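A single chain comes next, written as C-alpha cells; it is the form predicted on its own.
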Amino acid sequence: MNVLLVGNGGREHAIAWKLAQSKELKKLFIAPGNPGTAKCGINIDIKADDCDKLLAFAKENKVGLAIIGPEDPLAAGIVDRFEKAGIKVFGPSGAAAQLEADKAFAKQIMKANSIPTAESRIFDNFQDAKAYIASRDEAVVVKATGLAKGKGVFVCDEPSEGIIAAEKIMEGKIFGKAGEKILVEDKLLGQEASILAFVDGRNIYVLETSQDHKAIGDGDTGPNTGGMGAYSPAPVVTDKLMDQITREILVPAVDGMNKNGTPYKGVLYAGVMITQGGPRVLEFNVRFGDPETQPVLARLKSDLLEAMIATCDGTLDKITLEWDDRAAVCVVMASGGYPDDYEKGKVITGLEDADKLRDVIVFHAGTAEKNGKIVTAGGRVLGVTALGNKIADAKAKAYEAVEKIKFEKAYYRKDIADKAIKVKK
C-alpha cells in the first residue's frame, strides 16, 4: 500500500519510522517531512495545510491511506475532503476535530456526558473575564480556546497573574483568533498523564501510557511549551486507574461524540490530571501527542499501519497490539530562547554519533538541510529517544545521546522522567 503522511515534526518522524517497518507498506510519502523522515520514505514539497495539492498528489500516486499528523489541517476538515474523494484517511472529521480546536466545545461535550474535568467559565470579553478572575482568591488556569501550538495555557497561582494572562490573550492577541475566547478553570493538583487511544467510531483501543513535560524549565518551572520531553510507561497510571480512565473518560467521550452527531475516528488523546479525587480531563487532543508519540511508538512491537487501517475500517476489535516491556524516554533539544524568540539555521553536529548508540533513536522535529548540513529550523529541534530496562536506564541512555549532539544555544531540561523514577522508588 502507498501511504501519505502529512506533517513535518517529531511526531511525524516517529510515525514514519514505525510505518517504514510495516510489511504492508509499498511507498511512504511524507508532506512536507523533514531530514529525519527522508530516511523513512520520500519527502514531498507540499505544505501540511495545502489540501488541494495533497489531494491531487494522493490521487496521482495511488495513495491507499493518508495519515494526518498535525491538528490544524484536521480542524480545517482535510479528512472530509479525502473521504469525499474516496481515499481512506486516518484522523477525525473537521466537526470531530473541534474537540481540540475549540476548548469551549470540548467542555460542553464533557459537561453533557458527565466526564470529570475542572470547573470552568468561558469568556469572549476581557472585562468580564477580568471581573470574574478578580473575584476569586485561588489559583486559576487561563486557556485560549483555539489552537495555539500547545502554548495557549497559563497556570496562574495568583488571580492577578490570571488577569495578566487573559489580557495578553484577549487584548494583546498573542494567539490571534485562537484567543478570541478564553476558558478560566480551577487549577487541578496532581500528576499529569497522557492517554492515547485508537478509536474507530465504536471501539476503543488504549495504547501504552506516557507522561509529557510541558514547562520549559526543570522542576516544571517557567512558561508552557509544546512539550520538552516524555516517557512511557507512566507509573502513576496503575491498571486500576487505567480502567477508571477508560470507563469514566474515554467511553463517555466516544459515546458523547456519537450522540452529538460528530462520531470520532482516529487517535484520541486525553491529557489527564491524577488528582486526589480521581482522574480529571485537562484537555482532549485529536492527534498523536508530541513528544509522547516518540517514546510510545518506540515501544510498539506490532504493525502500526495495520492498526491504523483497522481504525479506519471500524475493525479495532479484531487487532491486538504487542509492546516492548522496556521503558522509553524522549528528551527534547530546543533552540535557545524557545518558547519565545529563537534563532534558526544553527548547524547540528553529533547526530550520527548519537544514532550509533544502541536502543537510541534521534527523531527530527525542527530541522532542515542546508548545503549538505542539518540545521535548526524550529523551536523544538530534536526528540532524543532511548529504550532501557527501567525508566532510569532509558533516561541515562537518552541523556548520553543528548551529550553527543551539539548546536549553538541548544537547550534541554535535565529532569525528564524524574517523576517516574521517584514513583518507582
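The numbering used is simple: start at 1 and walk along the sequence shown. As the structure is a prediction and not an experimental result, all values here were calculated from the model.
FYI, the form predicted in complex with a small molecule isn't displayed, but the following is about it.
- Only one of the listed residues (M273, I216, V251, A310) places a non-hydrogen atom within 4.5 angstroms of the small molecule in the predicted complex, and that residue is M273.
- Proximity to the small molecule in the predicted complex, taken as a non-hydrogen atom within 4.5 angstroms, holds for one residue of L321, V141, I87, I164, which is V141.
- Heavy atoms within 4.5 Å of the small molecule in the predicted complex belong, among the stretches 299-307, 343-351, 258-266, 183-191, to residues of 183-191.
- Using a 4.5 angstroms limit between non-hydrogen atoms, E283 touches the small molecule in the predicted complex.
- The shortest heavy atom separation between V153 and the small molecule in the predicted complex is within 4.5 Å.
- In the predicted complex, the small molecule lies within 4.5 Å of some heavy atom of N224.
- Not displayed here, the small molecule is kept clear of I204 by more than 4.5 Å at the level of heavy atoms in the predicted complex.
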